[in-house]
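Look below for two forms of one protein chain, each set out as structure tokens: first structure 1, then structure 2.
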Structure 1
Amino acid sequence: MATQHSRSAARLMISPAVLLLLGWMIVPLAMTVWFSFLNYNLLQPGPRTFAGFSNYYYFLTDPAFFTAIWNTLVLVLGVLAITTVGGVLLALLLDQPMWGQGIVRILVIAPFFVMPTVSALVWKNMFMNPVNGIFAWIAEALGLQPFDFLSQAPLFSIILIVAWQWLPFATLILLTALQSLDSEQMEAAEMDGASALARFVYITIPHLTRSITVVILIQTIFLLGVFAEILVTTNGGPGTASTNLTYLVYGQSLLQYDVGGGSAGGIVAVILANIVAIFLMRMIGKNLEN
């Protein structure tokens, strides 16, 4: 009886927070769904008429939509490949005893705490600038022609910037998992004659599998909404070369003032993100069961 009363009291105490959270999420979502069925353009005064599914049809048949889907997929997979492989290598490096190990770890993790807008500005002006950037200076020092990253390889540039931001996160998670590896198991394998590569492939990688899966899940959810880096560096261009789904919705809503079409695009983006999240959660569930 006392347990039942304590559970009821706990539910009563957390109910305001739950209601606030639901209101914070459901009200904007409901408004977005409602706007997606209206002819709602800020440049066209007058009453908002019901449009049915025409906004969805227009958004899904727009050639830029398929380009944005492809760019989003390439962006997510590219960043995941760099951060996963680089995270494993950095975790192995930082796990080795060295002088100033704590300072080195802080320096490696520091980029994760830099705001996306700031990091994009730094990469745009200090590194990738074809005239005054560090990459241009290195190219000229080697007798090569400076390469304009943001114009000639815009999507790769975005991948590089975002991967630089998320690499510390992957490194931190994988380093934590690596430190829980049984040292006696590694020593026994070494005494049995296993090479460093064999120990890495057959002991270290299987031990890091779950952590790698968690890194992929968390990063994928956030990478689907990359926006600030694109806005600051390329504005989705040249053309739609670096436009992802999030930036396409922004352009439809705030650049073309089409609130109805942008809302339809937002709903489509939410549905696709949830499909990806459900797929990854099932993949993680099967991995944890094994």
Structure 2
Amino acid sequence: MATQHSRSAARLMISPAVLLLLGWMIVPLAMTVWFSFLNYNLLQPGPRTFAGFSNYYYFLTDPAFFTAIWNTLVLVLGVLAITTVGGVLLALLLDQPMWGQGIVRILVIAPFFVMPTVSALVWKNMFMNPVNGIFAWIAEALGLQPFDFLSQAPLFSIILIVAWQWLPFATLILLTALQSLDSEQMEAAEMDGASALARFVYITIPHLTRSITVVILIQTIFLLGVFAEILVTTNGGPGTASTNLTYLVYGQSLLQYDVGGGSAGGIVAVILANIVAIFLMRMIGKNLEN
């Protein structure tokens, strides 16, 4: 891409893809914006009248909205905390030379290949079910009362399920980062009198910060939109205890047939996600600079 000519040629050649992507994004977005200003309910026949900001007003003043924001925040931060800490620890473990390393690594990555609906159902029916689940069985074997995860601690259960799905991703990225750590640096630190803990704090963690930022960025983008896991396990309940923003929008437009309200919620979600994205980009930019 050195010369003016090759640069404009490159622009020309990527333009179809860019235009396609742009159309793909702009059309639904524009329609959503348009619907969000209409009285548009699938159960009410008749003309769709202009509603002004009333859809936004009702969405934003809905008490479920704040619960949903809070739940989204808890869900994202909870999963991020579990996956980054767990990912670092798992990566450290997998980096040790051991027998059957290749197979173990593939097994660790496996959860990532399981579809969200499937894994959520497996967790719901085989692990967390208070009658048939393995946790219930363990609790009973220990003489304890089985714990009904999905109704007693719905959000926590969903965090657990989603974290389980994303842990392999974090582990994988952090493991590759760990493998790129110069072993002489570790040896130098060892000679400098650093204990194993000090080496972890002063050498390993700084080396991993970039990858940790990347993991946080990518995961945040996906975690803001967690949906399938909630749909197949708790349906956002009990009440709104496990409703996140995505699920709230879904409920609004498809359970209450209020397309206008749902669209307004969708736009609010897009704006919030962009605010988060801007902050994240800032943070990453700073981290990647040095």
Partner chain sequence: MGKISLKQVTKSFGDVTVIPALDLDIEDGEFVVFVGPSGCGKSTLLRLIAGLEDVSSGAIEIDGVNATEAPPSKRRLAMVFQSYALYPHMTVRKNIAFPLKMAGIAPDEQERKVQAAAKVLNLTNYLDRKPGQLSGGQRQRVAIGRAIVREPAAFLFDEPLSNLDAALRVNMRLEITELHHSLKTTMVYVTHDQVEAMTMADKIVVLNAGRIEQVGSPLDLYRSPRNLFVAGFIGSPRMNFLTGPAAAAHDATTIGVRPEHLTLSRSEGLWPGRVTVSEHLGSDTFLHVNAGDLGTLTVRADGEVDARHGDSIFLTPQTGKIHRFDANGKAIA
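Predicted model only: the values in this text are computed from it and were never measured. Rigid core (definition): largest C-alpha set, two forms, superposition within 1.5 Å. Residue 1 is the first residue of structure 1, and the numbers go on in sequence order from there.
Matching the description of the form predicted together with its partner chain is structure 2; structure 1 comes from elsewhere. After superposing the rigid core, the C-alpha of residue 13 moves by 2 Å or more between the two structures.
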